[in-house]
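The chain below stands alone and is given as structure tokens, in the form predicted on its own.
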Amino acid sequence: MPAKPVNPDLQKERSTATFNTREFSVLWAGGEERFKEKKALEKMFLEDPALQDDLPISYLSHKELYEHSLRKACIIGEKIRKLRADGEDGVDTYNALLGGSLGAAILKEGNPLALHYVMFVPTIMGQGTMDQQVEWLSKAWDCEIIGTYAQTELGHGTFLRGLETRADYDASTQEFVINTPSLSAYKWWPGGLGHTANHAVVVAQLYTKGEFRGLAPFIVQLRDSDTHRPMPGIDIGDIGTKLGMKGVNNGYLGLKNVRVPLNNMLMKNQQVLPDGTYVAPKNSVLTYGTMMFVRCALIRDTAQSLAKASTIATRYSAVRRQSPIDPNQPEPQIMDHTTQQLKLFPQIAKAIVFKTTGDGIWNMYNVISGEIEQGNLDRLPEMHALSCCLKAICSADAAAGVETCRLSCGGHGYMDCSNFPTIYGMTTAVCTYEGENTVMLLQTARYLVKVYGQALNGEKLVPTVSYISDAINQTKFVNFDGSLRSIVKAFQFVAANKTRIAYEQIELRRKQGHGTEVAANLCGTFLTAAADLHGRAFLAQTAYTELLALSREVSPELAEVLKVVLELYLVDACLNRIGDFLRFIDLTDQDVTKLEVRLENCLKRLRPNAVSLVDSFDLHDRVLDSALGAYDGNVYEHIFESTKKNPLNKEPVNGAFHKYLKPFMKAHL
């Protein structure tokens, strides 16, 4: 129970809801068992005094914040050890502690040990042989060694073929000699690299017998196991302050003639024999499995970001009163303004759709990973294309949605105590790491152009792109009746035509004499537009299929709310791309007006349940960490309490007055 009485406006919103919030909370958590596990984890971690902050971390220096974050990270790590010993360290536990929910409550600016768990360990599991896993995994799981993943360089990021770090095999000693030959070759950005990790998976260009072989991952010891001093040939440190993720200890790494044993190259997919003979992987994309894994996880993280931002903004909008709608009436809750609803409610809907889609993509990844283990790579390109475009779309929409929620809270949303600055900093980072969004869309577009050519040749396409064949066979969209199904079909028709245009533009450039890569560059805007619409068509289809399926499994009251959420999401998504719809589908002015009126109607229908919907996300006050979004709704009291924690307010007169201001004021006397 909250310590203070609940704000009466917020309490009224909850008492008039038409559905049971706990029912949706259980659904959001993934079922009753996971809901109980979530509550147990919150009790274990959030009630530990050692994991609470006396002083808001925004008042700490960069050095203090790192030391503070590492202390907490080690406590979390110790608790994870206990959970592992008890067999309770499932994927959901790591997602909660290292993702955007429980972990953010403990470490607002990120965990310096996160990449150890989400990149270092999975890379060994995914790219190491069984013998290498035996050698390294137990040490990594027990944190006897702390690792990170060093791929991005100062001069190169998403374009992996441009990486400069080089590993030359010396057959005489059966060692690799690793170098960063220039400043731009320095590894840059890996979390925990600065002062935390003592090992890293270093991605380098491999050379054996004087020949270039491609990229390969190497386990490299960075620091002495006892003293933590850098190993010979290692130049390492922290890259400094950033917009967000300030506690992650992102680092730089230079290597000069660093020698690692032959067996330190992870060789599940490719091998180097003792004499330097190179055995190529069956498929080069197998080496990118770790990044695909992380991208799938990030889609669900974006849903958490939107859930947090929309919860804060919606609760605030139920408490804040301003600007009379009727001059003869008192100031209303700002959530009664239709314009405010348009800012908030689509973000709630997107959070639900992104979570639903993220769960589906995660399950799809696990199925396809199993197929890959059996040597079946048929669906790998499809999975890669989907994970790329969905990571790009969901992160971009989430970052924009967080900012919209901040703006909806006026000036108070600009304060640190709102937690919007931190949520935005963490969310917008996803637009860049694990593949910059534009590059991700281009990756998807390559796949789409390829399958469009296959469809023209009459080949059968996999289900997620089968709509392209449908559009080729039926060049005109008929019977747009405004139903949700027709909106989904229209999205697919528009996406297919965007892909058609991209395909035709590339073919045109080829006929003009340009090579494939130059043609793709010249058509970059066509390609990214096609990938964007493909991802949005997939989101629309998933929302339609999954939310209707869920509505058949829950109570009638919750089912009605989910149907409104679905309609709001699809109508809003359609109107946001109305130019593309008008281009390819014969919509009239009346059709568009009907959609706009439906959007307003959806907002009106969702209004009575808005607070209860965000309550159903079941975000602990520590997770939100917001004066504006606390469960009790006592916004102004919480804002004022935050000022009392400000070190500047600990003394009535700051020393700078006597040192600077008073002499300045008296100088003319």
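Quick caveat: nothing in here was measured; it's all calculated off a predicted structure. Note that residue numbering follows the sequence shown and begins at 1. Just so we're on the same page, rigid core means the largest C-alpha set that superposes within 1.5 Å between forms.
As for the form predicted in complex with another copy of the chain, it is not shown, yet the points below apply to it.
Looking at another copy of the chain in the predicted complex, residues R71, D142 and V597 each place a heavy atom within 4.5 Å of it. None of 242 to 250, 456 to 464, 380 to 388, 266 to 274 except one has non-hydrogen atoms within 4.5 angstroms of another copy of the chain in the predicted complex; the exception is 242 to 250. The shortest heavy atom separation between F617 and another copy of the chain in the predicted complex exceeds 4.5 Å. Although the partner is absent here, T158 sits close enough that one of its heavy atoms falls within 4.5 Å of another copy of the chain in the predicted complex. Taking non-hydrogen atoms only, R406 approaches another copy of the chain to within 4.5 angstroms in the predicted complex. Although the partner is absent from this view, G237 contacts another copy of the chain in the predicted complex, with a non-hydrogen atom inside 4.5 angstroms. Here is the short version: of N366, S555, S184, S483, the single residue with a heavy atom within 4.5 Å of another copy of the chain in the predicted complex is S184. When you look in the predicted complex, the only residue of Q174, Q132, N179, T438 with a non-hydrogen atom within 4.5 Å of another copy of the chain is T438.
Scanning 295 to 323 for heavy atoms within 4.5 Å of another copy of the chain in the predicted complex gives R320, R321, Q322, S323 in sequence order. Annotation for T432: C-alpha shift under 2 angstroms between this form and the one not shown, rigid core superposed. After superposing the rigid core, the C-alpha of T404 moves by less than 2 Å between this form and the one not shown. D326 shows a C-alpha shift below 2 Å between this form and the one not shown [criterion: core-superposed Cα displacement of 2 Å].
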